[in-house]
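Here we start with a single chain on its own, the form predicted on its own, put down as structure tokens.
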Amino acid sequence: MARVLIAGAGVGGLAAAHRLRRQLTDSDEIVVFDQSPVHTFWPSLLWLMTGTRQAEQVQRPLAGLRERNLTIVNASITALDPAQRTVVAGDARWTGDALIIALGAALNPSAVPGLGDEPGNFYTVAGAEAVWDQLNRLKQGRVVVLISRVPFKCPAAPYEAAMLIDGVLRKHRRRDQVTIEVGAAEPAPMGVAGPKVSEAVIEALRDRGIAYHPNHLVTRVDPDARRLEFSDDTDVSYDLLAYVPPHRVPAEVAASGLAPADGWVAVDRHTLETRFSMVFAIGDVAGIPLALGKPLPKAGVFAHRQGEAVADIIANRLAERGTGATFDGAGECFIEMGRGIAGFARGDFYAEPAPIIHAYKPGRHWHAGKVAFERHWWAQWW
């Protein structure tokens, strides 16, 4: 009997578990660890923050997973030992034949003084709800969508957030009384995808009257005065702050020696294997440099495909069939633009000397496609 340990029940972790269950024998054990009793479909948080979803629509209990032959451990992971392929969770110690680290990126708003005192962290369910509560009551003033640090997961999300907020305000005939701007600690939107994609996003913001400020690094937030201070000695007032917090590697991963506290887990770009045999890191916790010198974006599509690729690799190795298929760097994403319109892009991010991206004309059909994908996600697991 083999045992595979999966630390994290997000997109990558569930994809790996699902794929493994179909390739391993019934006597092989798959153990999934997560401190949360629920799985959150992160792409839907943008709809939660703009009032088209409720919290119960973007989460499902792990106990309700359709895949029954999994061992789910709802406990905080207190230690990882990659050399022994061991996970310590709660009061139990588990050792496996393979270990998949799928713990994502930890959110660290306290890295910016005052930022953690603001409720509008829309990368959490509570934060997305807080943004909607404020937006629903906002009659006039200034909305700031803030990208506090890079890298961050889902590179399109803050730009989508600004355009979705614009759509809500137009729907309720309040847009003329509210200004919207994006302050970004990066030189261009979705820069890894290339200048054409960046310019298309900037143009979409411009068409909606949304001001865009690149290379804008926030240094302090004063929630009482409702002011943001930036590294260029400028400051901006706000009436509603929707923000992307700083990200960092989870503490238990840094403590294990798999990654430095200010970095990410180094892996083979095709197998996702770490320097430890049969220990893999997938999704946002991994750092994969690309040929152009930038990292592979942290996005759910990559976590999903990496999870499936690693599952295939583990199943093949346990059966002594070799490695088999590997992760090829391909990915795609929807880009919500408000008022029922979305864009779509796909590409080969491992292409050299730079990723090859194909962007498609925005339309209502792409928004419908994202809604359909959300339904498909829940239907395949629950």
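From a predicted model like this one, the values you see are computed outputs, not experimental measurements. Counting begins at 1, following the sequence as shown.
Quick note: we don't show the form predicted together with a small molecule, though the next part is all about it.
Should Ile282 be counted as a contact of the small molecule in the predicted complex, where contact means heavy atoms within 4.5 Å? So Ile282 counts as contacting the small molecule.
Just checking whether Ser76 would be counted as a contact of the small molecule in the predicted complex - the rule being heavy atoms within 4.5 angstroms. Ser76: contacts the small molecule in the predicted complex.
May I ask you to state whether Pro151 is within 4.5 Å of the small molecule in the predicted complex, using heavy atom distances? Close contact is absent here: in the predicted complex, Pro151 is far from the small molecule, nothing within 4.5 Å, heavy atoms only.
Is Val11 near the small molecule? Define near as a heavy atom within 4.5 Å, in the predicted complex. Within the cut-off, so yes.
Residues Trp132, Val168 and Asp222 are flagged as a possible site; in the predicted complex, is every one of them within 4.5 Å of the small molecule by some non-hydrogen atom? No: none of Trp132, Val168 and Asp222 comes within 4.5 Å of the small molecule in the predicted complex.
Want to guess which of 98 to 106, 235 to 243, 181 to 189, 267 to 275 is within 4.5 Å of the small molecule in the predicted complex, heavy atoms only? That would be stretch 98 to 106.
Residue (of Gln54, Asn69, Gln35, Asn316) lying close to the small molecule in the predicted complex, criterion heavy atoms within 4.5 Å: None of the other options qualify; the answer is Gln35.
Just to be sure I understand the contacts: of Phe230, Trp94, Tyr123, Tyr212, which is the one whose heavy atoms reach within 4.5 angstroms of the small molecule in the predicted complex? None of the other options qualify; the answer is Tyr123.
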